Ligand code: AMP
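Just one chain follows, in the form predicted alone, and it is written as structure tokens.
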């Protein structure tokens, strides 16, 4: 079964083949930890979790790096610009009256808590930009030695004119950029597309996060009594962390489509200029998620966080199901109506999962009951191998579970059901098994007593027992073959 992925580099669907047999080197752009992540941010991490799970389902070993940007991501005067404006960490520190280090620690921990709630697989390497300052400086030094850098009053810049294929990845029109650059934020830049590798701290500002700029990084060494402090550029961080851990060429690099024209284009330029080899073989990008049909924005009040969802009685896994209902390359739309539909779908699936506690396989050969379930497991893999087609995978599961409607418990193949649930959890991460524990023996005895009361037409006792069971969060659905319990 072939895994196919849409490669932004070639702009087409391709069969996936890693450099090493059985092993995948993967880099995921992580969060800038200056605030809570909203539903639009989290969607990307759910999609890339599905990518990892798909690779594992195809028997690959995955070595993944995900960065935590805790310095160097500037606010910019336009979207995608990371060379101007205020450092987002400094902005967060000013907002909360804390140091940038304290802000980074708090929101890094909040991010990891969200990762756990959403059931995301942890990468093998969760790296902080501030832990890789030496590697980033070494990368700038290498680029300087190769003649790709120049110095301005505010930092060390990469000269994009010296990387001939700079515009190809994103299909940029560099001439139009030059023509449109009537007001240049940095008039010292040789080209509008040039970007900062290392920024100098403002002379009148003491930053929380800054490091001494080595003399050999400068075109003119600093005076003996002057130490030039600085910090890394946002683009530099990803290249340094990825290449220092995974090597010069990655199998897959993931991120949002907003990263294509600037951040990822710059990563390619600096990485390939330094190494002399191709940086990434497969680029995967997720589309935007809107909220209520508009761009997510704090001013509009639609930047919902996981905490906001929890206050409205939606779990992180309800949100995960919502994300899976769209393909990662499609523009999504978050509404509470859509989230409610996802919540209901997940609840129905959990009640199907609960059936495994209420049936058992017999000594008689009843393997025929499991054939359609086994076929469903295969169909889920086929869907997910088609460019992570999660909506199709969900449709397959709905179709498989629909066969339980109106069926007697004795007609359900317990092992087959458990097996398909395990496959769903492994590939989609919905924790159907973990979230559907069996009821205790006391409740089981109450269900048996209620059935006896019903058989004897003792409706008062039957209703009393039903209400007692409901207090435990269990509802009963009466069928011709007996009562089936479900989660309330």
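Model, not experiment: these values are computed from the prediction. Residue numbers count along the first chain shown, from 1.
What comes next is about the form predicted in complex with this ligand, which is not displayed.
Screening 443, 58, 41, 419 for any heavy atom within 4.5 Å of this ligand in the predicted bound form leaves a single hit, 41. Screening 174, 245, 379, 296 for any heavy atom within 4.5 Å of this ligand in the predicted bound form leaves a single hit, 296. The partner is not drawn, yet in the predicted bound form one stretch among 425 to 433, 58 to 66, 30 to 38, 449 to 457 has residues with heavy atoms inside 4.5 Å of this ligand: 30 to 38.
This ligand in the predicted bound form is not approached by residue 343, whose heavy atoms all lie more than 4.5 angstroms from it. In the predicted bound form, this ligand lies farther than 4.5 Å from every heavy atom of residue 154. Residue contact with this ligand in the predicted bound form: residue 287 places a heavy atom within 4.5 Å of it. Looking at residue 320, you'd find every heavy atom of it more than 4.5 angstroms from this ligand in the predicted bound form.
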